[in-house]
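Next up: just one chain, as structure tokens, the form predicted alone.
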């Protein structure tokens, strides 16, 4: 008997073609969200023929399932450990589905270490953090933000002082979502020292800025040498990836306290998800090998120069644009719906922003400025 041949209908193929056309067109007008399309992973497409699964702890050998990319995952993690000055022999991490999972993991570790601790985060924290806190059932307190989006250190001091008998867990924004403001880890550590607080946990949410600040001279430090305990960075934002991804790094000694052996997979259960994407480690590995530190530094410098160019041009046409030091995010007044729709602008109340990613050219900026010039002024 012959095998039945199955295929899509003409209508189904047309629907896919239509979706592709929409994505191809709309990707040319995307200024509001930090998702770079500055990549070409076509040489890796052959790996999509296989079910690649990085289940379990990437640091533990697994002889029962061989279709994985854990060796490449470890190389990516080692590169990030050097970038964030975490001694490799004391480091642990894995490649996540994105910044939200990395933040959830950091908070999970903190809660396991300090079950009665209180999390402190600014009001400019990413929208996923309150959800993670509900999932983890963690006590938390919101700290006021300064106008630039950075946390109020005075309010942090006063709030911790009231409950300094309870271990503080602090989520430091290393580039807030709307304004790319940086909570200064050094100042946070000073406050803890002033209050004689010696048991604490600091998680750094560096979703976007984790891939820009290390390549900017004089930028604020936020790595493990400053006293953080874990960090989350997105891979699909500055580097760019067709599949959302990221990395989380933590201290091995803290992860050891939550590890559980799982005979079924021949590994340790240390990650949040069971089955993990084995393709995204190849994307990040490829980009890191292709560009290296010098390539990323050049890319960041171009973005900063274009961000400054955009500010000058927008202000020329009456659009008050500004940015925090070292930021590639420009804050602008909320534009009309037509601009928001065309350019896929991220908005929050009266503020909006655009992100000068590696794929944003001066020509694209000029086109956006031209559209903004036509906006009626109040």
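Positions refer to the first chain, counted from 1. In this text, all values refer to a predicted model and were calculated from it rather than measured experimentally.
This next part talks about the form predicted in complex with a small molecule, which is not shown.
This chain is displayed without the small molecule, yet in the predicted bound form the stretch 120-128 from 210-218, 120-128, 277-285, 187-195 comes within 4.5 Å of it by heavy atoms.
Looking at residue 149, you'd find every heavy atom of it more than 4.5 angstroms from the small molecule in the predicted bound form.
Not displayed here, the small molecule is kept clear of residue 91 by more than 4.5 Å at the level of heavy atoms in the predicted bound form. In the predicted bound form, at least one heavy atom of residue 177 sits within 4.5 Å of the small molecule. Under a 4.5 angstroms non-hydrogen atom cutoff, the small molecule in the predicted bound form has residue 100 among its neighbouring residues.
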